[in-house]
Every structure is written in structure tokens, then in C-alpha cells.
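Just the one chain here, the form predicted alone, laid out as C-alpha cells.
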């Protein structure tokens, strides 16, 4: 039965519609996107384990670190074995992470939550995140930004589903828990059953993606597509670079810095989103924003995170990858400064600034695979993408540590105000400035790193092992 997961059984027959692939990718990304909803039950975990914000924030950081590391290590394996097997492995690790995490909550062993949701779940995140990307780019060589945006928007939208679902499940499992009460926290038993329910439910949904994903035949291309039109755009190549050779180029590492800066600035805020909006509008110890409204804010951020992944990535097909990153980083600096200076003056202004910031954050993720395709071709773009996601791992540590470090020094959760966030927000302005400069320095990859010409259009589904060997010559 497991042989059905092999690449040879996933090649699409003639006439297969490429528009059936994005839903399969969405089934994976919507599930693993739950990682963005951890702030909804963060305070409940703090109360259950009786630890600091940083100690619970570490769970999120471990998951993001393992996402990047597993994507980097398994990138070539994913290319060799195909998206179906990769998606199945991802589903197994993701579900196992929830189940082991639930055991840690039940026994009050925080290290098991680190091991389960952080380590195992993080591996599922990494493999699941990259599993459809290379396949989508090969199905949509004419619109790579649109294609990756369609799939990766699901990762940003995962919290839009998980946030209200988690609140409802916690209320169901613990009738004493009141989402509308800022001081209410769910019981340990409710948290246990929340993790069990999510783990099993997500596994079933991810199997839909496993069953429906396909790879194009080696000689397939869209009707009317001319590869020569791609080369006419700035920074876009029709050549190919192996994953091993990509690591030797300056452009790869500059793009690594760009992604690191964009993610660091967004991820620290996103991980803290629910308590942050309550703290910004706290007066005399009482917040004008309820817990339920804060949970709705997390869902709204998820909507803009998701929409930005599709809208901004699709826009990059028109104006180019480099210009769109100048928007993400340059305008982002202005928005973070405004959030720090005037964000507390009106709830609507705070929400507007945060939503646009998160749309840039999501857009940065969705655009980067197309940026890689432009610079390095399609030959091993999935493996290169996996290696680049180590920037996400580093940002997963840096972002929450910066924010939580400043907040822990300011006071206890539930007592903070907008002023406590200003040092972290101004730090993020500086981080974005570094990314802005790095993006300006990105140039086309020199020809000495290109693979030997094969006479194709760069869309061949060639075995990646040979490319790894070529990087050692």
C-alpha cells in the first residue's frame, strides 16, 4: 500500500488539470498553519505549567527552528521522492507532535511539549511546508508567484480556522472557561483534549492532499507557454543551479538575510498577537479589548497574512520580486514605527497597521520560492527553498526572544501596556533596514554556477541526486 506514495505513481496523465494541484497543497498548508494560532491558548499554558512567557514561547521557537532545519535537511529527499510521500510523512509527524504534546500537558512535563509540538511537530511543519512548492512551480512556470501564493496562503490562513476552533473546543472541554473573560484560562484537561482533537483531525484532512497531489510529466508545459518570455524579465534565468552550487552564491545568502529580517520582524509580533492588542489598550489594569475580541484579532491577522501571500506574490509576477521586497521592507519600517508611536491612540489604527504589516510578512514567504526560481531555475528549487528556510529557523528564535525578552523585563502578563512594546518595535525597524539593504545588493547568479544545458526549458523533473554531485566538481 505504501508503494502508492512513490513518485512514479504520482505522475499526472495527459490532460490532467493543473488547477487541481493547489487544493491538494492547501490541504497541507491550512493544517500546519495552526502554528500561528498558538497565542490563543498561550496564557492557559502559562497558568497550567506556572512558568514565564519566554518558557512557553520557546515551544513556538523550537517548532520554527525544526521547520527550517527539517526543510533544509529533507529538501533533496523531498525532490527525489515526490510530494505525495513527503506530505504523508509530514502528516505523521504533525499529528504525532500534537499527541506527544498532549501527554506533556497531562503529566505537566513541559519537556514533552517541547519534544512533541516543538520537535516532532516542527519536523512535520518543515517537510509539509516545502512538499508542494517545487511541484507547483513546475505546474505553473508561467506564473510562479501566483502558484506559490495559492498554496502558501493556506499556511497563513491556518490560524483563521484554528483560532476560533481552539476557543470553541476549549470552551467545550472546560465549561468554566470563558473566552470573553480576560482572566479566564482553560484547565489542563481541556488543553489535553484540544491537542488530541487537533492532531487527529489535521491528520485526516492532510490525507486529502496526499491522495490528490500529482507531478507533471517531464515533457509537459502549459498551452501557449514560451520559456523565452521568462528570460526577458530582470533577474530571471532560464538556466538551472543545483542546491549545492546555490549555497556558493552571494545571492543565496543575501536572500537568506532578506527572509530572516522580514520574518524576525513579523514573527515576534504574531506569536504575541492576542495579548498584545489587549496590552496596547490597557488602562488602570483593565483592557478595553476582551479575550474573545483578541482571538478575533488573531483570526483577522491570519486573514491578512493569507491574503497577502496571494495578492502580493501575484503582484510580484507583474512588477518583479526585487521591487516587491523593497515594498515589504521599506514600507514595513514606516508601519512598525507608526505602530510604536501612535498605535495605542485608536483600536482601528492599531488593527490597520498590524494587518498591513502581516500582509507583508505573508507576502514575503509566498514570494520567496518564485524569487528562488528566478535566480536559480526549477531544477532543484524545492531543495534550495528548504535550505533557505533555515533563515526562518533563526528568525523563529530571534523574533520571539526579542519581544518576550523586552516584555518579561517590563512586568507580568496581564499588566503590560503599549509602552512595554516600544523597544521591541523600534528594534524591528532596524532589523527591516538591514533586510532592505540586502535586497538591494541581490544580483543575477554568475554563469559558472549554472548546470550544463540540456536543451529543455528548465521544467524537467530531473533526479536531484545528480545535481548534488555536480556541486562537488
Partner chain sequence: MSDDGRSGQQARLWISWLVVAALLGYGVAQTVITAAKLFTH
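Positions refer to the first chain, counted from 1. Just so you know, these numbers come straight off a predicted model, no measurement behind them. Rigid core: the largest C-alpha set superposing within 1.5 Å between the two forms.
Keep in mind the form predicted in complex with the partner chain is missing from the figure; the text below concerns it.
J.: Going by heavy atoms within 4.5 Å, which of 329-337, 71-79, 91-99, 299-307 lines up against the partner chain in the predicted bound form?
T.: This holds for exactly one stretch, 299-307.
J.: Which one, 369, 157, 104, 377, lies within 4.5 Å of the partner chain in the predicted bound form by heavy atoms?
T.: Among 369, 157, 104, 377, a heavy atom within 4.5 Å of the partner chain in the predicted bound form occurs only for 157.
J.: Quick one: of 238, 212, 249, 344, which gets a non-hydrogen atom within 4.5 angstroms of the partner chain in the predicted bound form?
T.: Spelling it out, the residue with a heavy atom inside the cut-off is 212.
J.: For the three residues 46, 121 and 187, verify that every one has a non-hydrogen atom within 4.5 Å of the partner chain in the predicted bound form; reply yes or no.
T.: The answer is no; none of 46, 121 and 187 reaches the partner chain.
J.: Even though the partner chain is not shown here, does residue 293 get within 4.5 Å of it in the predicted bound form, heavy atoms only?
T.: Contact with the partner chain, yes.
J.: Does the 4.5 Å heavy atom contact test between residue 26 and the partner chain in the predicted bound form come out positive?
T.: Yes, residue 26 lies within 4.5 Å of the partner chain in the predicted bound form.
J.: Residue 402: heavy atom within 4.5 Å of the partner chain in the predicted bound form?
T.: No, residue 402 stays farther than 4.5 Å from the partner chain in the predicted bound form.
J.: Residue-level contact is defined here as any heavy atom of the residue lying within 4.5 Å of the partner chain in the predicted bound form; does residue 127 satisfy this criterion?
T.: Contact with the partner chain, no.
J.: Going through 150-168 from first to last, which residues have a non-hydrogen atom within 4.5 Å of the partner chain in the predicted bound form?
T.: 150, 153, 157, 160, 161, 164, 165, 168 sit within 4.5 Å of the partner.
J.: Superposing on the rigid core, I want to see if residue 215 changes position between this form and the one not shown - specifically a Cα shift of 2 Å or more.
T.: False for residue 215: its C-alpha shift is below 2 Å.
J.: Superposed on the rigid core, does the Cα of residue 291 end up 2 angstroms or more away between this form and the one not shown?
T.: Yes, shifts by 2 Å or more.
J.: After the core is matched up, is the C-alpha of residue 113 off by 2 Å or more between this form and the one not shown?
T.: The answer is no; the displacement is under 2 Å.
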